[in-house]
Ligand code: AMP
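The data below hold one chain only, encoded as structure tokens and taken in the form predicted on its own.
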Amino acid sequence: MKFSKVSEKFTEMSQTRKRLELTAILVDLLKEAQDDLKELVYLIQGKLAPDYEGIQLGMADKQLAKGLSAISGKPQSFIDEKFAKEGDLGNVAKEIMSSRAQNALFGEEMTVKRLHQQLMNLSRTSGKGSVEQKLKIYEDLLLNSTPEDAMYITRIITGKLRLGVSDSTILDALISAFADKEHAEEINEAYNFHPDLGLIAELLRSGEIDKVRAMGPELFVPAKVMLAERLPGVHEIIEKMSGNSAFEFKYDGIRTQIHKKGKEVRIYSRGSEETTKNFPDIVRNARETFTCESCILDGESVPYNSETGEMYPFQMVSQRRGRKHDLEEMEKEVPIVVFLFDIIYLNGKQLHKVPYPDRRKILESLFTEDDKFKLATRLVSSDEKKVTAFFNEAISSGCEGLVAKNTSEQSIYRAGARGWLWIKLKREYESEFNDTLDLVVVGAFTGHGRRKGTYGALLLASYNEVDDTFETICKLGSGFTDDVLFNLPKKFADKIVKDKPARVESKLVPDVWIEPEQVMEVKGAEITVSPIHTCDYGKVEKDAGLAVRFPRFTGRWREDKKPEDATTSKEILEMFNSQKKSIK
């Protein structure tokens, strides 16, 4: 498949913000791909492979600017000036290539498969002389492409393709193109256990729907973690679960999925990224603790003082994430205990459809607790007084609250899904409304007075999982330290876009639009009806949405969450309704 055909469709996609239209364009493109389908799907994602393979292209803007300088014969200062003006190196590449003679007339035809292969070669190039080799590959790609191709190739390399489509939209398009809609739920579940859209696309196209439907937990393929709904009180939770409930401490750490086969251990984050290198102590401890041949465990890594039994704040363990140096020193400074609460695979057998009580028994039989691995503290009860006392115990132990888990025969492990099988109860719910929310930054407003030179406020949004959009819910200007506040322009510099991002629904127009990628934790006083915000617009009042009143940054950047993992608009509506009941 010619990449120029893909570029045409990418341009069509950039001209619409409607999900149905985006999906229709994708369906047409996917059907034409033939044997290039797998590679095409990755490129649509702006990737070369699924996240858990950790493939990085490793070229900075300055390196690409150097390549454009060599191609154009213009000094790099000229390219840098163009880039500063455009804010998009892809546009600069397109302009540079448009000013040349027909580049690809005598060159090798640029196909999807060839582009993917060359980008893979680029990603594997390392060591002495690698910068020059990478530049040569980049220059070769552009010289054998159309100007439009050059723009999208450059955006893919910089990680800024930003077509306005998420994985869920691509999955919808794959189902429309190659499967019966009656299998949609099963295909979505398969993706949550095996988040590799290229592989799923290939299987669906070849008619191997049974292989897709059979997908479940698999070693060294990170499943998306099961998530919890929320309710404001113990009574509501017990009532919702019809008395079939167990309660576990909700730990304030990093969600950790551990895969073990023999002596090989790998660790994955809730976002399906491999973090094994950041936690050599967990790897070492898992080898020593678990004697089973293979398993997949779900838990929370928490900074822990084994002498006092005290759990430290999340900010301490977050220092371990992404760190490449001084790991031994960090192990001593921030010792970690993993609190395990689920198991979904053991010795070749998938356990995700085994009821929760049975999975817990299997987990309990697997190891002896020590300062490296512990079971999540649990109470099986439907007695409100006992559960309330247990909740207070969790808080006094340094936890966020409780997670209630359904104990009926239907209590399977639902990867990547929220549902009433798990319900969280956090400390903040006990007040009128002082909840913490994970919201996505979609814009910023220029600061004035003391905040001149930085942003005075950020525009935040919740995630609408039905429409796959981000709906504004508040302007955030409180809770920043001076260091954080005056570093905001730098933090978001590579996420600024000229126009409103395709997946953002907003009535407000900020001074700067920001691609929805960064999640931050915010605490609010209450949820109110708002005519200027789009969260749950029209669901409470005809011409109004919902907003967080008196939002304040908690200081916690949720680097462990993707934007689609943010608090959903559905959750916001549920919290608003619960809040109204409590006020009555």
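On a predicted model such as this, the values are computed, not experimentally measured, just so you know. A residue's number is simply how far along the shown sequence it sits, counting from 1.
Keep in mind the form predicted together with the named molecule is missing from the figure; the text below concerns it.
A single residue from the set 149, 248, 471, 172 has any heavy atom within 4.5 angstroms of the named molecule in the predicted bound form; that residue is 248. Between the options 116, 270, 194, 94, the residue in contact with the named molecule in the predicted bound form by a heavy atom within 4.5 angstroms is 270. With a 4.5 Å cutoff on heavy atoms, residue 19 does not count as touching the named molecule in the predicted bound form; it lies far away. Mapping the unseen interface onto this chain, residue 297 falls outside it, with no heavy atom inside 4.5 Å of the named molecule in the predicted bound form. Looking at residue 162, you'd find every heavy atom of it more than 4.5 angstroms from the named molecule in the predicted bound form. Residue 224 falls outside the set of residues with a heavy atom inside 4.5 Å of the named molecule in the predicted bound form. With the partner left out here, the named molecule still marks one of 288-296, 398-406, 258-266, 80-88 in the predicted bound form; by a 4.5 Å heavy atom cut-off that stretch is 398-406. Shown without its partner, the chain has 376 as the single residue in segment 371-389 with a non-hydrogen atom within 4.5 angstroms of the named molecule in the predicted bound form.
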